[in-house]
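The data below hold one chain only, encoded as structure tokens and taken in the form predicted alone.
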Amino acid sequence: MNRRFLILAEGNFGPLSSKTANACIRYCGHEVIAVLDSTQAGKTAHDVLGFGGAIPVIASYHEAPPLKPHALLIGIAPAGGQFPASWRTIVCDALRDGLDVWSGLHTMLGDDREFASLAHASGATIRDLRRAPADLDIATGLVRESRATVVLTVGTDCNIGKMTTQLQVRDAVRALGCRVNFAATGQTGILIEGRGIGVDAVIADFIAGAAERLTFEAAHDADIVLVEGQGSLMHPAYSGVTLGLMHGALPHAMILCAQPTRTTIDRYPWVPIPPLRDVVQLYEAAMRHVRPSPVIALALNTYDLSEHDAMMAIERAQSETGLPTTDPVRFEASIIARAIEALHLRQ
């Protein structure tokens, strides 16, 4: 698929505020021609994020046509996944020009009458990445029939690096000579992988069934399946998605993702994040009666720490839990890959 994305992140382009944009730039950067954010105009992706090279940030949609974009990508994943009303004019202009629109929001842009009409007139396609299949069912334990080793990322909070960890680890596992697949469970993972199901948009009864389908399908030609985690068991809003994903994917093991500087759940300052050893025990207890699943490694997100402080945080976490620990983006992901390979060889 030939994609040339103009990423829309107006007023939101930043390390934590534009999750979809950032992952697309990190893993599909060759397909990104520009980011639209008037508040950061004149900078590059690297200036804003610390990666992404010379991808320019432009001030308005009218600067885009000379860059010949093929599609407009909604670059944010806000709480609740609602479409910012102030972006309507930009999306309409893009559709009139025949650009496809890719969106991972909970708001289904394809169901909007104005957008649908403009797309029909210009021949553009609206791709709602979170739109769930219509034929989902409850989980049945089907994953137990697969011979693949399944590993799920879990977290102390949302937006902490569960997808990024799996993508970094996938490359490291592949380098060890293992056949490995990534099972995308969120809109950004689906964008990168080209397939998947956004489990947080699935009716509650079918979340585990969706996770089961994804995991089983990913296992058909792989020795190891890396399932993208969502939410956190401690999160007041998203814990249901997390548990459904755990019980549907039935992982043989989990990787715990954490951010050392985050002490409370994001947007819920009244919910403290427990010590890592307690979080490990919480996740293992939640899996114990459906498929015992140990946490075998820790992946830390240290983007906001100096290199010295990041290394100290890794050492503290490893000492506290006794588990292999790294920041798989900043440092080597191979330490986690080796823990997964050892688990696979034991299965």
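Predicted model only: the values in this text are computed from it and were never measured. Counting begins at 1, following the sequence as shown.
Only in words, not in the display: the form predicted together with another copy of the chain, which the text now covers.
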Candidate from L95, A208, M254, V225 lying within 4.5 Å of another copy of the chain in the model of the complex - any heavy atom: A208
Option touching another copy of the chain, based on a heavy atom within 4.5 Å in the model of the complex, out of V241, L99, A258, V173: V241
Site check H106, A204 and A285: each within 4.5 Å of another copy of the chain in the model of the complex by heavy atom: yes
Listed range touching another copy of the chain, judged in the model of the complex by heavy atoms within 4.5 Å, from 217 to 225, 130 to 138, 87 to 95, 177 to 185: 130 to 138
4.5 Å heavy atom contact, M312 and another copy of the chain in the model of the complex: no
Partner contact for D112 in the model of the complex: another copy of the chain, 4.5 angstroms, heavy atom: no
C28: touches another copy of the chain in the model of the complex, heavy atom cutoff 4.5 angstroms: no
Partner proximity in the model of the complex: L67 to another copy of the chain, non-hydrogen atom cutoff 4.5 Å: no
Stretch 217 to 242: residues contacting another copy of the chain in the model of the complex, 4.5 Å heavy atom cut-off: L233, M234, H235, P236, A237, Y238, S239, G240, V241
